[in-house]
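Just the one chain here, laid out as structure tokens, in the form predicted alone.
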Amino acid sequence: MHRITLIPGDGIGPEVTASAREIVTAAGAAVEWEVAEAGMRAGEKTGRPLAESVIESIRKNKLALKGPTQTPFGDPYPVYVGDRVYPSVAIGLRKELGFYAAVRPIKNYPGVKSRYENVDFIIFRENSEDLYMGIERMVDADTAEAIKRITRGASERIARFAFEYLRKLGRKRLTVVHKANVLKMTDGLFLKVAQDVARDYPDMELDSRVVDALCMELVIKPESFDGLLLQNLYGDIVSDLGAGLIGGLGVAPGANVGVDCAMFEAVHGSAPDIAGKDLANPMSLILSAMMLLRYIGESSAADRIDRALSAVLSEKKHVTRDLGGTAGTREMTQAIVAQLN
């Protein structure tokens, strides 16, 4: 039995996490849940959007499924963990728990409207450094600068993670993304390390793309890619581009993985304007829960959910409005559960 920390989050978070939880249970997965509150609602109740008890729950259970959380703006609820302050709950969780790898599968699903077909690749984003370390300063009143930091250790770690992940899935090709033609030291190091690591995986292919050329190719022939390896900033941007290729953020799952624990989460926002109205599309969190199940070896349950979700999407009778239907969150959830029974 796997114990999982469940963070309902804000806005539509409680609705979509309830949907994913019900579907995982109906699929027969050997899991139990430990609910932990984080986000704006938690901040309003306790003054702490990210309590240390939430961090400890994930450290103990090694697994988390997280709904979207709102970012508090200024006082009275800054995101403190101990004496450390973070710009958001999501970033606080990543930093405190050492989630160095962000994984974003980009895949077409039947019945989901998209401009493209046969898209099926995985984005691997290095999550711990690059410009997102937030090392900035004002040089003078009219000039600001930021430091882009790339290290051999972090680059090698994410490259090995990507190769191992793809190998387990039977995939053969990883594309490393960079701007080494201009940023010869930082991006040059990231590219070289990936090439060095590739020597340990002779059964797999490594190629490379300059990031702007990659973006062009992704909107021309996205079906030609298998796995993408990116630094933090490029990975953030290309992840949303990828979601746009398959129908939007509402149909894209995500995971953040560390050395000894992992968090799976919807990649969309909390959508407070539709919260509590039974309008939210739960697909992103359902797919994220499937990723979690495969991560813990519950592949049979994940495959059952995948088939049930695909059947409901194909029929289009019981899907939410953004997916072309008229159903609410509950009706879509119940339709998937019915396919599982």
Ligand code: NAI
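Start at 1 and count along the sequence shown; that's the residue number. These figures come from a predicted structure and were not determined experimentally.
Quick note: we don't show the form predicted in complex with this ligand, though the next part is all about it.
Figure note: of the listed segments 287 to 295, 23 to 31, 305 to 313, 272 to 280, the one touching this ligand in the predicted bound form, with heavy atoms no more than 4.5 Å away, is 272 to 280. Proximity to this ligand in the predicted bound form, defined as a heavy atom within 4.5 Å, holds among 108, 208, 71, 151 only for 71. Using a 4.5 Å cut-off to this ligand in the predicted bound form, not one of 125, 129 and 257 places a heavy atom inside that distance.
Shown alone here, residue 267 lies within 4.5 Å of this ligand in the predicted bound form, counting heavy atoms only. Looking at residue 322, you'd find a heavy atom of it within 4.5 angstroms of this ligand in the predicted bound form. If you take 2 to 26 and check each residue for a heavy atom within 4.5 Å of this ligand in the predicted bound form, you get just 12.
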